[in-house]
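Given as structure tokens, the chain that follows is alone and in the form predicted on its own.
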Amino acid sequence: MSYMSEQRIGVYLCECGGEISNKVNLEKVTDAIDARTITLPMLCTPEGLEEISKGISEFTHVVFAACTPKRIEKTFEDVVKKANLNPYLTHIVNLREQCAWVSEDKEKATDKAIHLIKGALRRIAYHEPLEEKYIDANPDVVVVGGGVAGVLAALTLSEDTNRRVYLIEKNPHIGGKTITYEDLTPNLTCAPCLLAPPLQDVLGKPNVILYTNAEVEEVKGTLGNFLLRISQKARYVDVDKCIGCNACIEVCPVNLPNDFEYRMKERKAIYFPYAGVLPNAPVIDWQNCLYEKERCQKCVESCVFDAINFDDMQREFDLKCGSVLLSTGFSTYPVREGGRIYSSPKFERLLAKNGPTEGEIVLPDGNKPKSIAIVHCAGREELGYCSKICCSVAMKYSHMIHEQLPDCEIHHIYTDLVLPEMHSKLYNEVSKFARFHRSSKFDVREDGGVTVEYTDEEGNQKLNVDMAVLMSGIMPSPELKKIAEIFDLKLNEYGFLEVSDMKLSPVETTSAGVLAAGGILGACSVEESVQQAVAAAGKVLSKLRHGEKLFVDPKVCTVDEEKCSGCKFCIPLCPYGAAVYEEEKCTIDETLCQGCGVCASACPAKAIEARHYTTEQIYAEIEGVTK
């Protein structure tokens, strides 16, 4: 091939400060390969890069034999571009991680290095210069989850008034779990007082568009160019017309247990989940509404603002954005509860002034308890990890119980006390009036009162109390698996969302342009959720700047129209939605394609090619390595 006869291929070998040269005989490597070879102490240092830039212009193709491409590829690309060489006419061979670090035998490491470089030399002969492209990035952001993390992220992003922020919440209201609490640790701050202003602010921001009763169903694209399919359930109440006057609720003839209040209170078929909910408009429970069965229209007749709309329907629509921020929160372990045994989320509502008892701690019979056991680590053994925030919350409960019922006995049954430094002050206060019993195991049952059996240093113990509160462990939300599948994300060993690097990128997921904050990443306090939300919003603001263009990787798949039969076999296989059918042929949207090659390997007509990973290139590398 005349093109190949004109090639001048050079090989740069890196000693890596002895990391490679002590385990690989680079002189033997130089003698074994048929190419101009240059050995340098460290290719990635300023001195090494300067040497490369001086001599690289004499080559048309270059092989760098150094460390992992993940670390060094961008550095080499930059120096190659400065020398006016196309970066796709280069190739990196990993001699450090794949040879030096994995072999104690220098001869074997050297032999492997020779074969890898020979494979690279055969492969690079088939490399072609690729044209880099840049596209306009969509600066808008979709925030999925309207809890405290989602709301704070949306507010931070909305400071840029030229950017639209779409806030998607599956419930008919925003605020998440935090807005339903009475106090927050460690300073026992009033939760509604603290969160009401930002919730009102996010509703009043003209560039924040809120969709309640909505969920993401499908996603296409990547950073700078996402397309989301949103499904929104009918609310049957026009939020813009409703003023929250309660007239419609007062006349509704239906009475139902309020699941939001853990069935400690009733609600109507048209209802507010709790007092002070935002948006300040009720929602209709269509399954229990009497409109279809009995043509009941009492709510319609009572509304002078014409806010009730029985013709409302579920709808689907698309949103375009440049980045997605996930903040769908967490769930709690389903502990055994009922009667005088309360889960911690249920007890939170008992303490809340806008809850079913207006904040009064009472038993189901209306009497006040004289003794309460707070049992830690409920579900810890089954979950396999410590939820880290439960002990602080338990201290909060003790303080609130003592403040309301100063004569009530408070017992803590705990395995370990896990308290951050700033929360230990609350423990010191609580320890003055509460008793702590360390136990490796416990059992709680209701038998008229409540019996707690536990084991401590003195053996088996039995404690009789009026009420027990089980501190439910934090676990992933039920919808997280669906979200991970939709966005092609990984989950960690405990089922929470996995980030790209826990230390360096704690809010960036494994998918470019998708960030996360709050309980979706694991058990965290309110302050940690806010910190993560602001950090994630900051990442978005730094990556999606107005007027800047985003690089589109040219290593994508392309379709040979003459070979394509239009069988559409590639379309359902593409995980990024890049394969489309147009004018009886399949095509690849290069702005969506990530170059994974699934379509190319599956195409029965061999009409699809993965640029930079062509059949010729791959086979050439295999042949070079094996000879």
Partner chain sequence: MNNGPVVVAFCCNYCSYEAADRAGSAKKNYPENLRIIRVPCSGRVEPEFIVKAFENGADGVMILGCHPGSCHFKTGNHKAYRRYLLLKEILRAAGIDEERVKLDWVGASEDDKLVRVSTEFVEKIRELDTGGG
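Positions refer to the first chain, counted from 1. Note that this is a predicted model, so its numbers are computed, not measured.
Keep in mind that the form predicted in complex with the partner chain is not shown, yet the notes after this line are about it.
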Q: Check, residue by residue, if 44, 508 and 528 all come within 4.5 Å of the partner chain in the model of the complex, counting heavy atoms only.
A: no
Q: Could you check which residue among 107, 285, 136, 78 gets a heavy atom within 4.5 Å of the partner chain in the model of the complex?
A: 107
**Q.** The unique member of 26, 596, 56, 33 whose heavy atoms fall within 4.5 Å of the partner chain in the model of the complex
**A.** 596
**Q.** One stretch from 36 to 44, 560 to 568, 580 to 588, 65 to 73 that, in the model of the complex, holds residues within 4.5 Å of the partner chain by heavy atom
**A.** 65 to 73
Q.
in the model of the complex, is there a heavy atom of the partner chain that lies within 4.5 Å of any heavy atom of residue 615, even though the partner is absent here?
A. yes
Q: Please run the contact check for residue 551 against the partner chain in the model of the complex: heavy atoms, 4.5 angstroms, yes or no?
A: no
Q) With the partner left out of view, is residue 261 within 4.5 angstroms of the partner chain in the model of the complex by any non-hydrogen atom? A) no
Q) For residue 312, is any heavy atom within 4.5 Å of the partner chain in the model of the complex, or not? A) no
(Q) Using a 4.5 Å cut-off on any heavy atom, which residues of 600 to 626 would contact the partner chain in the model of the complex? (A) 600, 601, 602, 606, 610, 613, 614, 615, 618, 619, 621, 622, 623, 625, 626
